[in-house]
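Only one chain is shown below, in C-alpha cells, and it's the form predicted alone.
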Amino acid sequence: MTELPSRSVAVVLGTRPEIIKLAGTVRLLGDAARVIYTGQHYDPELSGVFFDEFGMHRPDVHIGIGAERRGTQIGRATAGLDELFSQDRPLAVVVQGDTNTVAAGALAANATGIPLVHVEAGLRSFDRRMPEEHNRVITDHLSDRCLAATAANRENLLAERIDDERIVITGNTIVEAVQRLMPEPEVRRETLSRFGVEPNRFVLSTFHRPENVDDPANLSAILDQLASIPLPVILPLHPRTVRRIEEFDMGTALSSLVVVDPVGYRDFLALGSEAALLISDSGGVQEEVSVYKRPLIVVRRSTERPEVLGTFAELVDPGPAIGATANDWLGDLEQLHRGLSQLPSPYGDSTAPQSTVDAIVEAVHA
C-alpha cells in the first residue's frame, strides 16, 4: 500500500522503454497511479496489448501527439498535460528517462506547481549534440526528487549544484523488468529455433541513432563490419534504419545478415541472453546486458552509461573497431561469458520499483 489516494500520481510516458521501466512502479502504486500516454511512439498495436505484455494497466489518458518534430512534440505534450493537470490536479508527476515526453512532463508539472519525480536522473553523456542530453538536464533541474540509479549519477547531479536532499539513489528499474520478463529456458530455446540460431553461436545487433543511420559513411561501415563477423548476425531493422538503407541504396549490404522485423521485448531478451555478443547503439541494451551477463559493443561517439564500460560493454566508433572487437571476444568467448557471469549489475537489484514508490510518497508528503 502506498498511502496515496486513487489516481493521485500522474505517471507520464510516451515510448516503449518508458513503459518497460515504469511498469513495476505502476504495479506497486496500484490504484494511486494515473497512467498518461502521450503517444510519442505511435504504434497501432498500442490499443492495449502492448501495455498488457509488460504488466501495466492500460492508459487512463491518451494524448496522441504523434510523430512530429522535437519542438512540436514537446509543445503539444506540454499543452495537453498542462490542461489535464489543471483540470484534475495530481499530487505528484512521475517521468522516466530522457525523451521528449519526459521534458514535456517536467515543464507541465513545473508550470502547474506539482511535485515532479524523475526516475533515472543524473545520466550525462556530456555530448550537447544529443537532444536527449538537453531533456535530461532540463528535467533534473526542475525535479523535486531526482531518482539516481547509481552513485555516479548522483555525482553528476551534485556537480550541477542540485541539492543533495533532492537526490535519492534507487538503482535502475530495468533490473526488475528484465528479471520479471525474461523468458524461461524452454521458451528461449524455442525462440532461438524460430530464428534458426544456436546458443552462443550468433550475434544480435540493433541500430537506430541518427549519428549512425543518417550518416551514409557510418551506416555503410557498420553494415560492412557486421557482415565480416564469422557468425550469423540477427539484425532487427528499426523503421528509421530501413528508410535510410533505402535512401542510400544499401540494400545489397544486408545480403549476408539475418534481417528481421523489429521483435517483441521478450523475444529480444531471449535472443540477447543467448547471444555470443551484442552490437548496438541503444542506451537500454547497455543496461540490460549487465542483468543477463552478455558482452556488448556500443557503437556510439559517447555514452551516458559509463558504469558498464570495461566490463559488460566497450565503446567504439563505426568502422574496423567493430569487427576487431567482436573477433577478439569470439576468440575466448567461454572465458568472457564466465567472467561476466560473476559480475553484479552496476544498476542494483530488483528493489528499484519499491524505492521509486517510497520516493514518490516522500515527495507528496514533503
Ligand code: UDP
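As the structure is a prediction and not an experimental result, all values here were calculated from the model. Start at 1 and count along the sequence shown; that's the residue number.
A second form of this protein, the form predicted in complex with the named molecule, is not displayed here; the remarks below concern that form.
Although the partner is absent here, residue 208 sits close enough that one of its heavy atoms falls within 4.5 Å of the named molecule in the model of the complex. Within this chain, residue 106 is remote from the site of the named molecule in the model of the complex, having no heavy atom within 4.5 Å. The named molecule in the model of the complex comes within 4.5 Å of no heavy atom belonging to residue 135. Using a 4.5 angstroms threshold between heavy atoms, residue 254 stays clear of the named molecule in the model of the complex. Per the 4.5 Å heavy atom criterion, the named molecule in the model of the complex is contacted by stretch 262 to 270, the sole one of 162 to 170, 141 to 149, 262 to 270, 71 to 79. With the partner removed from view, the residue among 290, 212, 191, 282 that has a non-hydrogen atom within 4.5 Å of the named molecule in the model of the complex turns out to be 282. In the model of the complex, the named molecule lies within 4.5 angstroms of at least one heavy atom of each of the following residues of 10 to 30: 16, 17, 20, in sequence order.
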